[in-house]
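Shown here is one chain on its own, the form predicted on its own, set out as C-alpha cells.
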C-alpha cells in the first residue's frame, strides 16, 4: 500500500469525526487543568486516543489543530506549542502501531517514549520563546529548581521532563482504559486499533 493510500485509509469519515471530538476534549480538559494550575496538562487525551485508534498521522493532525484552535480562542501560548502537540500524536501513534498499547506495562513505556519526544521539541520552545516561564502550573517547579541553584536550561529540562512524564503516563493509561471499554464493533472501524492487532 502506497503512502497516499495509507493516508486515505487513516483519514476515513469516522476518523475525521473522532478528530473533531478529540479536539474539543483536549481544549476542555486542558483549559480546566490550566485554570486549576495543576502540575500536569492532560490536554492531549484526545490526541493520544486518535493516535491509538487511527494512527500517527491522524494523531499528529489532532494535536496540531488542537493547539492552533486553542491558541486562536483563548491561549496564544498553546499555539506556540502546536509542534509539541503534533509530536505527541505522532509518537503515540507509532507506539500503538508497534504494539505498545497492549498492556499496562507497555502503556507506561509508551508514556516514557512520548515524554522523551515531547521534551526534545518542548524545551527549546519554552526556553527561547518564553524565557522558561509559560504561566502553567509547572512553572512552580522551574522556580523551585532555580531557587536550588540550577541554571535556567537545567531547570526547564527538569520541569519539562518531570511534568510531562507524569502527564503522558497518566494520559496513555487513561486512553488505554478508554480503548479497552470501547466495543469491538467501534474499534474495528479504525485500522490502527490495538484490538485489531
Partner chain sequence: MHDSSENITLYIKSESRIKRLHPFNKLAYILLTGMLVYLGPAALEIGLVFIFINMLLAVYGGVAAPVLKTVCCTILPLAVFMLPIHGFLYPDNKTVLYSWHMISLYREGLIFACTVLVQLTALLTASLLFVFTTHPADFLTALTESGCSPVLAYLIGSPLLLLPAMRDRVGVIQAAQRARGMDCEGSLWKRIQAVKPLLSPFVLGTLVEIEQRAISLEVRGFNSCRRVSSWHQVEDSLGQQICRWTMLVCCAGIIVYHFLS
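Quick caveat, the model's predicted, so the values are computed rather than measured. Numbering follows the first chain given and starts at 1. The term rigid core refers to the maximal set of C-alpha atoms that superpose within 1.5 Å between the two forms.
One more form of this protein, predicted together with the partner chain, exists but is not displayed; see below.
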Assess the spot marked by 83, 157 and 165: is the partner chain within 4.5 Å of a heavy atom from every one of these residues in the predicted complex?
-> no
Hey, in the predicted complex, does residue 173 get a heavy atom within 4.5 angstroms of the partner chain?
-> no
Evaluate residue 161 for contact with the partner chain in the predicted complex, applying a 4.5 angstroms cut-off between non-hydrogen atoms, and reply yes or no.
-> no
Touches the partner chain in the predicted complex: residue 77 (any heavy atom, 4.5 Å) = yes
Does any heavy atom of residue 108 come within 4.5 Å of a heavy atom of the partner chain in the predicted complex?
-> no
Across 109-136, the residues having a non-hydrogen atom within 4.5 Å of the partner chain in the predicted complex turn out to be 128, 129, 130, 131, 133, 134, 135, 136
Establish whether a shift of 2 Å or more occurs at the C-alpha of residue 56 between this form and the one not shown, with the two forms superposed on the rigid core.
-> no
